[in-house]
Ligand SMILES: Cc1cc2nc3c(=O)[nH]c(=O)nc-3n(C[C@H](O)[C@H](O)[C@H](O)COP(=O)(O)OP(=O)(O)OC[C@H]3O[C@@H](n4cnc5c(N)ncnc54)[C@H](O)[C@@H]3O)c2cc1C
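Next up: just one chain, as structure tokens, the form predicted alone.
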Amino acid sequence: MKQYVIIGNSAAGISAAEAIRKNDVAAKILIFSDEDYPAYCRCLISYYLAGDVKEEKILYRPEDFYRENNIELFLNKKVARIDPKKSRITLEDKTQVSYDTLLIATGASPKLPETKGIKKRGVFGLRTIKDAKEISGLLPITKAACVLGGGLVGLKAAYALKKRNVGVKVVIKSRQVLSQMLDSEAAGFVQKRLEENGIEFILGEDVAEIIGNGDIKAIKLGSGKAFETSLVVVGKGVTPNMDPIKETEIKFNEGIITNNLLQANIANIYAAGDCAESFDLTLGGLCVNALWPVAVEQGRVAGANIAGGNLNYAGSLGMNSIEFFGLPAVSLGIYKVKDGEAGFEELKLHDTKANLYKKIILKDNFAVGAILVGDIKNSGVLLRLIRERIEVSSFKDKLLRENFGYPDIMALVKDKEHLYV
């Protein structure tokens, strides 16, 4: 009987465990997690903090999932290092565990800037349910909070805090919100909707110091201005958790380098999720797409291959969706063409009064990216155009029309039963 070890108990790890069990009913499956909580939907944490969803609703699988699938789950067990030559992992408590095949699905952690005071009590990332619970515990005595960063996590944190009746200022170094997801026009719609609901933005500024003796009292900006706050949430992106592999022969750049089977450079080691570098369909090279649906799909493919399969992972693409105070926005693939980059064509619709923005980016008559704000119903159709490399010249003039939809491309899609969104 083979023994499979999975490091990580979130989207990729759970999806892989399910795929392994589906293909090998007898194998021993061990999952190690450095958290003390069963698998939960990490993407719902901000909505849990906002009070939009209850704690029991964010569980990713039923409580009896591990028992029903004969999976041994080890919580609060951090893996200190991996020894590929001996096919063995070592936990922080010195326990050693052997494996026949290993999946590394260690995920990612918030990037913390080297700002003076960043380690003070009251500074949080928003990555785990522990973060959300600790922030929530301080809200009854919190009147004002500051969010560092205007990316997805930062804005979700700001939204959640505002929903809990806390005053929120968001400090962003760049000149727009969501600069890694939207162009400036689309970002303007999102910022306006958040401002209409009481969230303040400070653009083009960075934080010089988090002030306070023990508890946080204020934020000092690079310009010298300061304002009171007692809670800080950092939302400046994430970085893959690479600590267990740094001293090994496993190859990595930003994340672990994988092939089309999601296999690392060592035959019995695979990687999936936020710690894996895999092929990006629109960029044409390896990158980390730290997204929940990507992690699920990668886990499924890696798990099947770990159990003896030969599934090819076609690749992922950047895709994000948000909704704040009734305004939805989606970005797919390439969302902005760099200045001077030739060969691209942009189709665009901008209607300020209707809170409507659509942009589709084409290259050689193939869709390579899109942004939708306000009306996102065609995001699934556009995703198929991008993923399946469908040539659009025959219906390009219809792409921005309100009545454009799946019937217009039905004859062209490869897998008529597969839905990506």
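Residue positions are given as counts along the sequence shown, with the first one as 1. Treat the numbers as computed from the prediction; the structure is a model and nothing was measured.
What follows is about the form predicted together with this ligand, which we do not show.
Looking at this ligand in the predicted bound form, residues 83, 101 and 306 place no heavy atom within 4.5 Å of it.
Residue 168 falls outside the set of residues with a heavy atom inside 4.5 Å of this ligand in the predicted bound form.
Shown alone here, residue 107 lies within 4.5 Å of this ligand in the predicted bound form, counting heavy atoms only. In the predicted bound form, residue 193 stays away from this ligand, with no heavy atom inside 4.5 Å. The closest heavy atom approach of residue 35 to this ligand in the predicted bound form falls within 4.5 Å. For this ligand in the predicted bound form, the listed stretch (259 to 267, 291 to 299, 336 to 344, 184 to 192) containing residues with heavy atoms inside 4.5 Å is 291 to 299. A single residue from the set 241, 229, 331, 282 has any heavy atom within 4.5 angstroms of this ligand in the predicted bound form; that residue is 241. Residues of 77 to 102 that come within 4.5 Å of this ligand in the predicted bound form, judged by any heavy atom, are 77, 78, 79 in sequence order.
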